[in-house]
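In structure tokens, one chain follows: the form predicted alone.
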């Protein structure tokens, strides 16, 4: 296999496995874990654009996830809206909140922007607990399901898979064309980016609003996947885990953070009785990745592709055309 086909091959394997998973396993629990990975990926895919491509350290997207979840439950449950319309409306609400949050906070330097998003996540968590008239406080509220054929575990999995694939396609296109180059230039050097007329503030704001929209969509899907939500489901640590997933996967790549999302969702299920030590395992994995492969799994994939490319170059031999060479020498003689 040629090295330049490595990444498409990995993506194809992931896609094939995801498509065949309902047929491979009849275990609903495993299907649920795969669905959670897809839900997390809807949020992390666009958060990666913000963190990995533009270099903005946001750790408060769990607040947008919570708002999207509660908006979906209130609109589709209490108000009786169509679940798909409620899901889309929750995304729009989070996009507007992302706009209002981003207008002042994106003017702050990196560390202070991270603290502003962290404060936002804390505020949302406290409001979800305190405003009982809206969220039922610590009691929580039931999440409605989607209409047929998405009202079964298999149907809901296909819905999440379709949305996740669409979001992946959007982020991939954004990253490889003009917007992607602008974001990377902004991350590497704001001075250089501004010197070539890249709108620094506008680029940050558009990416932040887009990530807010998908966080709201992920919130509605997350609520349905859990069937019942409480403020405890949206602890600030979850927002930090989203950030860690990007670091594990590798900033500035599309494939890597998906691995981070899978690790994020799978660890609580894999450790079983040790689930209370989930934060410990996240920390250990993060430490290993930072020390061994600082660029994450995305960098590891690039290294393997580079080694394969070197082998192909080394194996290439250039054979001279001796007959043509003799003919040319004979003519000159």
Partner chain sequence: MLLVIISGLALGGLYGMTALVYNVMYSTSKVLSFGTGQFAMVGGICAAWVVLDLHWPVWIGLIACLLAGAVFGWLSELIAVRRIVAASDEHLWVLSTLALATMVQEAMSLVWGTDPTPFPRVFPQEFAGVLDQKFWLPLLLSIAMAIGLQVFYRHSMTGKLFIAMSEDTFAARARGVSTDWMRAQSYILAGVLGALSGFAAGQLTFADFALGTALGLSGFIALAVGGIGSSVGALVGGAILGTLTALTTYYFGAQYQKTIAIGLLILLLVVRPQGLFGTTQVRQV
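Numbering follows the first chain given and starts at 1. Worth saying up front: this structure is predicted, and the values here are computed from it rather than measured.
Form predicted together with its partner chain: not shown, discussed below.
- Contact with its partner chain in the model of the complex, defined as a heavy atom within 4.5 Å, holds for exactly one of 286, 31, 300, 37, namely 286.
- None of 163, 74, 116, 205 but one reaches within 4.5 angstroms of its partner chain in the model of the complex through a heavy atom, and that residue is 116.
- Shown here without its partner, the chain carries 123, 191 and 251, all of which come within 4.5 Å of its partner chain in the model of the complex through at least one heavy atom.
- Within this chain, residue 80 is remote from the site of its partner chain in the model of the complex, having no heavy atom within 4.5 Å.
- Within 4.5 Å of any heavy atom of its partner chain in the model of the complex lies no heavy atom of residue 147.
- Its partner chain is not drawn, but in the model of the complex it has a heavy atom within 4.5 Å of residue 290.
- The closest non-hydrogen atom of residue 201 lies beyond 4.5 Å of its partner chain in the model of the complex.
- You can rule out all but one of 174-182, 216-224, 154-162, 235-243: in the model of the complex, only 235-243 has residues with a heavy atom within 4.5 Å of its partner chain.
- Of the residues in 49-74, those that come within 4.5 Å of its partner chain in the model of the complex through at least one heavy atom are, in sequence order, 55, 57.
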